[in-house]
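Shown below, as structure tokens, is a lone chain in the form predicted on its own; questions about how it binds or moves come after it.
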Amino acid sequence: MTNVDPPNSVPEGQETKFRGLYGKCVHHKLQEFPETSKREDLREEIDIQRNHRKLISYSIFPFAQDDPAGYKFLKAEPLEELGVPNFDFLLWNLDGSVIFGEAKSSIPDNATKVVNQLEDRKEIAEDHQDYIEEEYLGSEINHMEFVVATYVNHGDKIAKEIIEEGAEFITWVVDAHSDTLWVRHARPTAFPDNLEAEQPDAMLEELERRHTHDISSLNGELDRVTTSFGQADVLPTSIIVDRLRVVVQARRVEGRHPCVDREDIREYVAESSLNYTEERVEEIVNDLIEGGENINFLSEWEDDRAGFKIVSNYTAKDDLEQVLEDKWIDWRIEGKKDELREECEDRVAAEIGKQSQLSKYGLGVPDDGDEE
């Protein structure tokens, strides 16, 4: 018998029957739940987000530290405040040229999906040109280019697919081993069938045109430029466990307690998120605190030393990041189990309401009068 309150839809006098059937249903569901593989999937999700974040940082680093061909990093995730699909970063120069960039830490076998996604985001960016000019730039856009950045081992695949689809995107590749970014490295290993030129020299020229920026000096400056990661630690749409690393970075230790104040988090977000409005920074901070409390990584601290205590016996950053990942995975797993419990609650309540049997679902549910 399970100690659970039946929903209001369960007829009076049927509460005991509901609890018996519900307990059997939940027991069956949890026995069948593939917890180990689900945990592995969640760790893979964390790794994907981490690699994505690093690739964005690699891509914007030259523009955050310097101004190749006059371009500067302007904003992460432009248009995210409108809730529309968007690119990962926006670059801009004083001449009115902009570059929208998308980071892809891996390219699937069906690379056409990536190109189609890029095309959709390009269309959205073009549709919001007036908004971008007014809200971000304060001046008109004279020229737009679009970039897909990936790691060096994926460059040829996406470059070839872009050409074959007739799309107009420039490929950047990042070599994380040497901390370099290249714009001239990614080339298809064979001429695509739809390349519009008759002579080999003309085809090479067309290939060069499609894979390089219109501003030649930018191509030169991005040819094996030194880069790094760590410039964009906060991304609004990344999963909360990835964003909560900000709390780890902003934390301090009082006595033996890792702790943090709202102001510590706000300051770190404002410095690392680059060009978010104060209102957006406050929203991110609120989300971080709420997310940290939800997964029991943060708790309010009734102590003058800090507003929040990090729920961990560790104080070192690497250990805290591991604790953070473990707590998030535990929270997600419990969420999935709660979904199964709710599913059983709805199913049993519906069947009792219909006065029918649940055995047809293969749950081993007894007939009326058989429950304990």
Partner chain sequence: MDIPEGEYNLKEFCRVIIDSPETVLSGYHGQRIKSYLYLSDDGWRDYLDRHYQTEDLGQITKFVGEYRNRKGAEQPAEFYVGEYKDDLQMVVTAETEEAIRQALLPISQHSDCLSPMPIMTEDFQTMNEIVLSSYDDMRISEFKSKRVPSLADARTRPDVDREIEYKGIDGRERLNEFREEYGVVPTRIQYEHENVSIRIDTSGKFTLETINQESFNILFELLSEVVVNVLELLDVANSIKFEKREVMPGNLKIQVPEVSSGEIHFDQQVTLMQAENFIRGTKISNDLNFSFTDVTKQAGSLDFSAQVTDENRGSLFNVSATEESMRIVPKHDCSFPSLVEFYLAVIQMLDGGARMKLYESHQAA
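Positions refer to the first chain, counted from 1. Remember, predicted model here, so these are calculated numbers, not experimental data.
Only in words, not in the display: the form predicted in complex with its partner chain, which the text now covers.
Look at 62 to 70, 34 to 42, 341 to 349, 303 to 311: in the predicted bound form, residues with non-hydrogen atoms within 4.5 angstroms of its partner chain sit in 62 to 70. Remark: all three candidate residues (R50, L74 and K317) come within 4.5 Å of its partner chain in the predicted bound form, counting heavy atoms only. The closest heavy atom approach of D223 to its partner chain in the predicted bound form falls within 4.5 Å. Although the partner is absent here, S139 lies within 4.5 Å of its partner chain in the predicted bound form, judged by heavy atoms.
At the 4.5 Å threshold, heavy atoms of V84 stay clear of its partner chain in the predicted bound form, well away from it. Among heavy atoms of T150, none comes within 4.5 Å of its partner chain in the predicted bound form.
Among the residues N116, S238, N294, T180, the one placing a heavy atom within 4.5 Å of its partner chain in the predicted bound form is T180. This chain appears without its partner; in the predicted bound form, the one residue of N286, S106, Q249, T212 with a heavy atom within 4.5 Å of its partner chain is Q249.
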